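Only one chain comes next, encoded as structure tokens, the form predicted alone.
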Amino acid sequence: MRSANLRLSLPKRILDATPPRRIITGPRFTPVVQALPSIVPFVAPDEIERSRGQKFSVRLGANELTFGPSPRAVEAMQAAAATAWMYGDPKSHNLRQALADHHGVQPLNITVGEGIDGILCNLTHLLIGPGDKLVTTKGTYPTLNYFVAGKGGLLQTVPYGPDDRQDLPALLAKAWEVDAKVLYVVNPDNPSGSWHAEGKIESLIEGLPPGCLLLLDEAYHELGVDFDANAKVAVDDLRVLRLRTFSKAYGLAGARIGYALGAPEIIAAFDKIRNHFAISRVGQAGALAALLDQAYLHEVRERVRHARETLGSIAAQHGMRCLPSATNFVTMDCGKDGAFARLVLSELTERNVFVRMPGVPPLDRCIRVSCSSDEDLRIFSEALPGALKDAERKLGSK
């Protein structure tokens, strides 16, 4: 009866165009979205544990800082939890001011987002439309690729160089070739762990095509061998936007706090489209306290350095080679191909050790292991020999 009454209340022009029988239809997705597969780019360790019905002994695959955040950050978030009934400051005023002081810039040079991923999503909304080109390295951090595809943009990729680093000359040449709107470089890189020194980034900026933005993802910057790399990149340069996060060195991956450094003209554009209430009060409080505790960050850097050395020794004991790393993980060359590395990964999973591997050649010959405590790395070290042996056996039987 309600449906009939509703129909009688409709204007005649709508009644004439509407069949009397109710037709149930789904939402009208955009043509771009209709053409995309529905996939989850990263299978979380939590999901793997649920599917296996068993917890991992160690979690060394998600590039998380297993040492945890600053105790001051934890205290600040605990205190802020009581005020979680209020929305977070949409301008992240206190955090942006502290970040500006930390970097020696103005708050107008900084936007805060829900991790670097949130900023990447917003940036594609600002710059990428159907047919627009973005140049990236095939196999580097892939989340941006999904956002570009969702806007109908076109990815243009180049392979890693022979030294397992992002090939900056090849990336630049490709940007000129396709008239790219964005050139994406991760420095230090994920998943290789490699990095490019300050001078090479400056040269890359000077060589950009007109109208091409260098999107410089520096998620692992604070953990780098050269802590001040890229410090001379001018924050007001309209050709570059630099991305940082509290997820890695600051140990706040679950709080989802990232930020971008750039010219005010670029930063202001984010206010047109960003989710202004995406950053919680709890997350803002934790990030601010973490930023102000640089002594703890120094301690983290030393613990990560020690863990990288330990992982290097473990790899060498089993005839494996570690790629140079300026991150909180080490990429270990298993010495064969991707099929063998996948078997090693599977065997480690069977031994309740969670690690990951790069998904694209040539780096798919490797596994990637997060830096962690001596105890965690001992568990990994004890599981590795059996995993390698069984992977060799299964590879030989195929």
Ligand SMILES: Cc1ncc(COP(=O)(O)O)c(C=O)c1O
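Nothing here was measured: the structure is a model prediction, and the numbers come from that model. Residues carry their position along the shown sequence, with the first being 1.
The same protein also has a form predicted in complex with this ligand, omitted here; what follows describes it.
Consider the chain as shown here, without its partner, and state which of N190, T310, N145, Q156 has a heavy atom within 4.5 Å of this ligand in the model of the complex. Filtering the options by heavy-atom distance leaves N190.
With this ligand left out of view, choose which of S280, S194, S247, N109 has a non-hydrogen atom within 4.5 angstroms of it in the model of the complex. Result of the distance check: S247.
Out of 75-83, 199-207, 216-224, 264-272, where are the residues with a heavy atom within 4.5 Å of this ligand in the model of the complex? Contact-bearing stretch, as computed: 216-224.
Give a yes or no for Y160: in the model of the complex, does one of its heavy atoms lie within 4.5 Å of a heavy atom belonging to this ligand? Judged by the heavy-atom cut-off of 4.5 Å, Y160 is well away from this ligand in the model of the complex.
Whether N63 contacts this ligand in the model of the complex should be assessed with a 4.5 Å heavy atom distance threshold; does it? N63 belongs to the contact set for this ligand.
Residue-level contact is defined here as any heavy atom of the residue lying within 4.5 Å of this ligand in the model of the complex; does G251 satisfy this criterion? Flag for G251 set to no.
Even though the partner isn't displayed, in the model of the complex is K174 close enough to this ligand, meaning a heavy atom within 4.5 Å? No - in the model of the complex, heavy atoms of K174 and this ligand never come within 4.5 Å of each other.
Any residue of 135-156 with a heavy atom within 4.5 Å of this ligand in the model of the complex counts; write them all down in order. Heavy-atom contacts to this ligand in the model of the complex: only Y141.
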